[in-house]
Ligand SMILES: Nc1nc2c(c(=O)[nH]1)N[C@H]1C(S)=C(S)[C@@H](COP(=O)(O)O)O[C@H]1N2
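Next up: just one chain, as structure tokens, the form predicted alone.
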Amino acid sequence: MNDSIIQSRRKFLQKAALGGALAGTVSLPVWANSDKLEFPDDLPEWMRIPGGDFSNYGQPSPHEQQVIRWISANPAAPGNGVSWTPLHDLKGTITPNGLHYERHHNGVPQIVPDQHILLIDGLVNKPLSFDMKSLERYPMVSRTCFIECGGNSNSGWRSNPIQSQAGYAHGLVSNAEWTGVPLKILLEEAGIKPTAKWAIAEGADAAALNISIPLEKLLDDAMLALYQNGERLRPENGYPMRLVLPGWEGILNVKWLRQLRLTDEPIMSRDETSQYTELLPDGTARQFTFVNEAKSLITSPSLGMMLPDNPGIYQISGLAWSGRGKISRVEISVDGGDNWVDAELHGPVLDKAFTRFSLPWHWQGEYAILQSRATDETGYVQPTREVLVENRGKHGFFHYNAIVSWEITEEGDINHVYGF
């Protein structure tokens, strides 16, 4: 099975160019083989009439209306729920703003930016408040990083594999360029008292979500983000300001931020005790699990797609990310983990950000199980589901990062399975 993987792009291009029977014969237009360039008379309609008018804000093509976030909300409280990024429909690494995943506890507040204030108080020498105009005067930085909900991929804890498309099972994660003020600047201006060890972050939504964050992280690479992919934050992603804590679970990246109160201990709120905390097999609780561990996902081919009847060369492609740093390696298996081959990592490979990987695969119509396995720069290796369950038990709901397996049948159908 391992021999069916083409181990270099050069070989892939050679086979694609010389072995038309493998990938299907490409038919060129008649005029392309002629010395004189002549266009056909039957031009399509859109070449016969003037195009559309300008628009003040661009929208996707109407032919791409199927590329959407899939929503799951509480019928009794529609503002409480999630929406998944359709990772299986996207290429590259940057998530469009309109497709960034969402997690709301009590709906999206419609904040008037001129009336929104951020307060920094508690164990500081001088409590400070900031409005939007004052923040625009501070130096800003830009950083590309992912944000992943601690509940992403939680269907993997089920006894039977869920049959949902890749993004609709693992898409509570997105990757964007964030621009804003390094939080360290604002905290140091307020003056941090020696006893301060934590900050309680609170959002301005109707749930007034609040959670404890170690001060050390806020002084490291945390950002008060005002922009996403070059434009102001969207309301569902925290407008007019939010926390961005690269590599740390999404609940800590508080949206609509209104207060940072420095304290000497965590607040022990709902979202760090009864939620985002897991009972382990030995009876102890796993709490304050801040870092998103290394993870990868093959997005193509994946469930919801189908390989045609004719075997040929296909690109295995997907995404890898780690809250510990850069992705250093992604391996691909087509036989359920018996053999592994290194995939190509598409640059730039950034710290705590999506990395796109790919590998040409010559499918010959045989049964296969596709898997990807990520390793980050710290040496952490993405575990199998068997190892993850052995270490963590089955009482958890959060922080699932096991290898994902796609079954390819001889007919080209694709299913989600738990290995062999």
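Residue numbers run from 1 along the displayed sequence. Since we're looking at a predicted model, the values are computed, not measured.
One more form of this protein, predicted in complex with the named molecule, exists but is not displayed; see below.
Give a yes or no on whether each residue among 101, 236 and 250 has a heavy atom within 4.5 Å of the named molecule in the predicted complex. Checked in the predicted complex: all three residues contact the named molecule.
Among the candidates 276, 130, 146, 198, the residue which, in the predicted complex, approaches the named molecule to within 4.5 Å (heavy atoms) = By the 4.5 Å criterion, the partner-contacting residue is 276.
key: The single option of 254, 176, 327, 222 touching the named molecule in the predicted complex, heavy atom within 4.5 Å   = For this set of options, the contacting one is 254.
query: For the chain seen here without its partner, which of 183 to 191, 255 to 263, 70 to 78, 289 to 297 has a heavy atom within 4.5 Å of the named molecule in the predicted complex?
result: Flagged stretch: 255 to 263.
Margin query: I'd like to check something about residue 242: if you look in the predicted complex, is any of its heavy atoms closer than or equal to 4.5 Å to a heavy atom of the named molecule?
Written below: Although the named molecule is absent here, residue 242 would touch it in the predicted complex, with heavy atoms inside 4.5 Å.
Next item on the list: May I ask you to state whether residue 331 is within 4.5 Å of the named molecule in the predicted complex, using heavy atom distances?
Entry: Heavy-atom contact with the named molecule at 4.5 Å: absent for residue 331.
Exercise. Would you please decide whether residue 105 lies within 4.5 angstroms of the named molecule in the predicted complex, comparing each non-hydrogen atom pair?
Key: Heavy-atom contact with the named molecule at 4.5 Å: present for residue 105.
Next on the checklist: Can you tell me if residue 156 lies within 4.5 angstroms of the named molecule in the predicted complex, counting non-hydrogen atoms only?
Outcome noted: Residue 156: no contact with the named molecule in the predicted complex.
Using a 4.5 Å cut-off on heavy atoms, what residues in 178 to 215 are near the named molecule in the predicted complex?
The stretch touches the partner through 203, 205, 209.
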